[in-house]
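Next up: just one chain, as structure tokens, the form predicted on its own.
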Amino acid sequence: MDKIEIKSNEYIFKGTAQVPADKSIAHRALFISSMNKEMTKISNLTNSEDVRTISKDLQSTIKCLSDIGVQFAEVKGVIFVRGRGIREYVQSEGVLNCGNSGTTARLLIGLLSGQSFESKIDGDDSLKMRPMGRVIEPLQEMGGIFDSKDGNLPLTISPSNLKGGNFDLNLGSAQVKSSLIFAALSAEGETKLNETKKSRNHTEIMLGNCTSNLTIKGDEIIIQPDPQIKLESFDIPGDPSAAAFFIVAGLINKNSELKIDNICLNPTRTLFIDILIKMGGNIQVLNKRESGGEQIADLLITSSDLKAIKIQEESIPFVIDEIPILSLACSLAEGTSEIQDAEELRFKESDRIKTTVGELKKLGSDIEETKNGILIKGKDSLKGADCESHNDHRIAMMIAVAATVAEGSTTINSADSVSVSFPGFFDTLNMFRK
């Protein structure tokens, strides 16, 4: 599916949309299960390329963990994991290829930095451009030994004895935080992480539910080494970042009445919903409940007249994956919207400030790139165009949603990039064709 064409006025968003299980939680469930010497049962694991292996050349979290001795079996869609314990992984026979997944790479660097063997980590061309120094530098302070060119992949990790200590988390990156937590579990002595800039907290929630070696006191995360992990089962909820595309589709299309069930509503993941509601979006949260420490609910979305919004620095870590689709919503909102201090977007699968602005501009949006942000003057309509995904799954899905309202026909090149996080995206979208 290299190219796909979508015509406007062919869609009505009534019914129920099925979205993949949460990718961020899936990665962490697999990593933490790999520390459990007993069996862990994982239900509703996403089929995204980042998580599962799709070919011998493009590996994933499961393949990388398999290569260091973790055992996996799948029975009727349920994954069973037999882990190693925090210090008993084995050396891979070859390079650990993380494909396109920054989460896999950064969490793996932390996990392996305190092991007694050498590891080599690599990825695809896109991942080789993404900065790993933000993980390497604090791990070096802990005693980790690394060899890489300019803080990028490929990377060699040498055996080392990590030391605990006190570290400030000032990037607002959940991947960096999780990497340091995993490293601290194999360090000598206590580690304290002071979260001066908040980020997603799935790792802390999951670890806090299966070991007493991690505690939280205010903004401080305290980790003791050598945990005894007890995680019998975990049911992964729906991905709010994937749901965001259909939420906005429901808001900007006429006559929508769209339901999305079993969505993770972790407060560090749902600020984009609060933003859309502040913009005038009709989004109802139904049937709230809890599973595995995570908040879950169903959503009901109806057509809305949106107003402009300003998204500032303190919000960026919590909406970083949703900025492209929020930019589309702002393009059709009344007034001028501004996204500020979003430099982190430049280090994703594409430079998402540049690619979001460039593709929405092709579609007729009055949108401009600022130094590290986006300025958008809302319009009543968009127009079809020939667009590029830039091999970025979130850009491809944003264009597809825009195409449902853009006058005429829109073509998306390299549309198959959606499989990184939402393999069935276009099948789900086509369920709502008239």
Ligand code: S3P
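Counting begins at 1, following the sequence as shown. This is a predicted model, so every value here is computed, not measured.
The next section is about a form of this same protein that is not shown, the form predicted in complex with this ligand.
S.K.: Of the residues Ala174, Leu326, Ile136, Leu96, which one places a heavy atom within 4.5 Å of this ligand in the model of the complex?
M.R.: It is Ala174.
S.K.: Using a 4.5 Å heavy atom cut-off, which residue among Lys362, Arg84, Lys348, Lys120 comes into contact with this ligand in the model of the complex?
M.R.: Contact check passes for Lys348.
S.K.: Counting any heavy atom within 4.5 Å as contact, can you tell me which stretch out of 329-337, 250-258, 288-296, 166-174 lines this ligand in the model of the complex?
M.R.: So the stretch in question is 166-174.
S.K.: Mark Thr410 yes when one of its heavy atoms lies within 4.5 Å of a heavy atom of this ligand in the model of the complex, and no otherwise.
M.R.: So Thr410 does not count as contacting this ligand.
S.K.: Determine whether any heavy atom of Ile320 comes within 4.5 Å of a heavy atom of this ligand in the model of the complex, and answer yes or no.
M.R.: Yes, Ile320 lies within 4.5 Å of this ligand in the model of the complex.
S.K.: Look up in the model of the complex whether Ser304 has a non-hydrogen atom within 4.5 angstroms of this ligand, and give yes or no.
M.R.: Outside the cut-off, so no.
S.K.: Can you work out whether Ser417 and this ligand are in contact in the model of the complex, taking contact to mean some heavy atom pair no more than 4.5 Å apart?
M.R.: Looking in the model of the complex, residue contacts with this ligand do not include Ser417, since no heavy atom lies within 4.5 Å.
S.K.: Going by heavy atoms, what in 389-407 lies within 4.5 angstroms of this ligand in the model of the complex?
M.R.: Residue within 4.5 Å: Arg394 only.
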